[in-house]
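As structure tokens, one chain now follows by itself in the form predicted alone.
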Amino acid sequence: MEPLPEDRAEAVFEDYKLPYGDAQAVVEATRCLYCFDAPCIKACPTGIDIPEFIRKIATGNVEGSARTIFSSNILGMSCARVCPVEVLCVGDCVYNHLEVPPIQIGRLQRYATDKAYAAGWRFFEAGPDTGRSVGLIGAGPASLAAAHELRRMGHRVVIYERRDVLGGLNSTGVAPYKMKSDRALDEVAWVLGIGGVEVRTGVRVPEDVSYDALERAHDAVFIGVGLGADRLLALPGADLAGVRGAVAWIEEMKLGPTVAPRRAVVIGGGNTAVDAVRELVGVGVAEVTLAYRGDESRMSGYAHEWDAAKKSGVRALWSATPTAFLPGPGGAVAGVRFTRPDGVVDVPADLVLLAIGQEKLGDRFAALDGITIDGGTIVVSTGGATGRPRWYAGGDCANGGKEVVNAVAEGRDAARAIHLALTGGS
């Protein structure tokens, strides 16, 4: 992979959650009650044995702790940073019911996995060659997890990725105050370090490699394409310069330099919208407004993330429906017109980001006999199996757009299902 430019706009961000030092990690780890039938494990989509890895930190066995994490979640380093632990493992910690601060599981997981990366610990190797080959479409978290698991089982793996940058949204879309792109690419290299994974970038499926060609070349195929382009609004002024999709802008900000406008409006109430407003403040935008059609209680974005956005100075405009983008000099946007219960309001803006969802890519596979599409997502059964023999799917294209940890779990589980199908259960 080509190195990322050093002048990336994301470089200005510092970690929102600072890493633990050795003493801090041990103190926090010793607070854990090591619950039997621990609810935190059930809350983790990859089922990491959380009390076990924490106990190993407390006893000084950090290498063993990292092995425990990676045995369940090979992308445990990024998940430690990007998982919404407040609503997953940390949110289910029993301390929440005792009016005691919950164990900081994500920060402890980051401590152990960062140690593993820094020390160069490698826990897994490729299995004996089975003579079977699996093609994976997309190089995001689901495919990376599947590829690593398949190599451990001895299957040959080829990843087909249309971009030049690997890692999916971990590399191009994660808020930089959680994880920057270079760290995401470190993880890609670490995961692929198991060896034997062929990666073909700049390849579009089915435009460059047909579905028939994939079936001829491989014994099974995994679809892990994620989500597509931002959804836009067909309103007057939609073609004005400065009216952008939020995901596209975030990618541009993470992978290269950007010019911060003076005033920005983000339309939406989900996690992408909340990330975008925090990032706009971080790159130096003086006035940032989040506009949402509902009220604050109806936002789908995580409450703890929105609280951080408000503390950073983001303004909110509730019950606001956009009706037009207002033109300024030279064909650039100058603001957004909204209708609200109390009338019409114009909000000045030099940049307008639309965070109202992304295209679902399942429809691209609708032509394949046996694959069922529901609302743009691929319908799968246990282990990610589709209705077409030897075709599997996981991640956002199958779950509609969940967390990185869900994609990892689905890619891992699909790999295990593929292995059973190819080997007859051996």
Partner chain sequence: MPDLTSNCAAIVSPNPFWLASAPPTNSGAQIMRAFDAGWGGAVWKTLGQPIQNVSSRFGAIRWKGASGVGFNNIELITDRPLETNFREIAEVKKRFPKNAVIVSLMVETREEWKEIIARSIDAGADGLELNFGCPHGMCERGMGSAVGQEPKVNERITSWAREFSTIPVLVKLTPNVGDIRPHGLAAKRGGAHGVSLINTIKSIIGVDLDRMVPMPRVGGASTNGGYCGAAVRPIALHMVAALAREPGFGIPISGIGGITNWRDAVEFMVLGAANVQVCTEVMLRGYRIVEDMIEGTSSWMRERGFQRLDDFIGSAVPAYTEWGDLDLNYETVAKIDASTCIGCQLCMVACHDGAHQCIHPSPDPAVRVPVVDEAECVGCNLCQIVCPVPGCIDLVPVENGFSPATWNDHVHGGAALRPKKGAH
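If you're wondering where the values come from, they're calculated on a predicted model, not measured in any experiment. Numbering follows the first chain given and starts at 1.
Below, we refer to the form predicted together with the partner chain, which is not included among the displayed structures.
Legend entry - Heavy atom within 4.5 Å of the partner chain in the predicted bound form - the one residue of G370, G375, G47, G60 that qualifies: Only one option qualifies, and that one is G60.
Inset, instruction - Tell me whether A23, E52 and R55, taken together, all sit within 4.5 Å of the partner chain in the predicted bound form, counting heavy atoms only. - result: Every residue of the candidate spot has a heavy atom within 4.5 Å of the partner chain in the predicted bound form.
Legend entry - Non-hydrogen atom contact R67 with the partner chain in the predicted bound form at 4.5 angstroms: Yes.
Inset, instruction - Examine C35 and determine whether its closest non-hydrogen atom to the partner chain in the predicted bound form is within 4.5 angstroms. - result: Contact with the partner chain, yes.
Legend entry - Options 205-213, 67-75, 231-239, 169-177; stretch whose heavy atom lies within 4.5 Å of the partner chain in the predicted bound form: Contact-bearing stretch, as computed: 67-75.
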